[in-house]
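Starting off, we have a lone chain in the form predicted alone, written out as structure tokens.
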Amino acid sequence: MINQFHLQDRLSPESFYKAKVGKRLPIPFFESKVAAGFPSPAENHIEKVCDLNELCITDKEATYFVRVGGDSMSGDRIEPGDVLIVDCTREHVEGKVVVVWLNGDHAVKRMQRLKEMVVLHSSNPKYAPIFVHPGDDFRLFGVVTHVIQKLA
């Protein structure tokens, strides 16, 4: 069968972490926009305090953190080592980035429905689309709501 994820594309079970929101970590939030040039220091004043849990997690019981293992979604700026926030209660919307289960492996892809068929797309052109066939063990695990990426 052709529906094999590229070896580096698979999300290992060790890549999944349950969201734990018991302890809050308030972080100052600057309402003003960040310019790519030289913003005025006078614009930087704290408007409020936000919590990343409140900002990123709407249903803690159905939210997971998933570490990305491969480069198949690099066209969406999702890189190996990035952490995805995945909500398992969100309803799939055509074209959204999702985490799926297919024939024994998890992977992150863009999901497209073509009538009765499901097609999983990578955003890196070196990977071909994956067609889900009747009889495949396929499940939508959840919708990716945020990407946490370390810069430099």
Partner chain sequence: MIAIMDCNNFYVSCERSFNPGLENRPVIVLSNNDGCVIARSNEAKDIGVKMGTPYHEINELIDSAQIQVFSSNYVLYGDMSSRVMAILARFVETIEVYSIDEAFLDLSREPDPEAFCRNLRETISQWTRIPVSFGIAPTKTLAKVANKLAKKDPSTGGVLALRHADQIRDALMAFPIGDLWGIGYRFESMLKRNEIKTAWELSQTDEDWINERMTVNGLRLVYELRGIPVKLLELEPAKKKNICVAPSFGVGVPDLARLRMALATYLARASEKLRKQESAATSITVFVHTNRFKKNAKHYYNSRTVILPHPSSSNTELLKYASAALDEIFQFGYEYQKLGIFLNDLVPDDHRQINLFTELPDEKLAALSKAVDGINRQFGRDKVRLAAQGYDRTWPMKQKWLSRCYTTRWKDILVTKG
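Quantities reported herein were computed from a predicted structural model and do not represent experimental measurements. Positions refer to the first chain, counted from 1.
Below: the form predicted together with its partner chain, not depicted.
- Among heavy atoms of R113, none comes within 4.5 Å of its partner chain in the model of the complex.
- Among heavy atoms of E94, none comes within 4.5 Å of its partner chain in the model of the complex.
- Of the heavy atoms in E54, none are within 4.5 Å of its partner chain in the model of the complex.
- Contact check for H133: every heavy atom lies farther than 4.5 Å from its partner chain in the model of the complex.
- With contact defined as any non-hydrogen atom lying within 4.5 angstroms of its partner chain in the model of the complex, the contacting residues in 59-75 are D59, K60, E61, A62, T63, Y64, F65, V66, R67, V68, G69, G70, D71, S72, given in sequence order.
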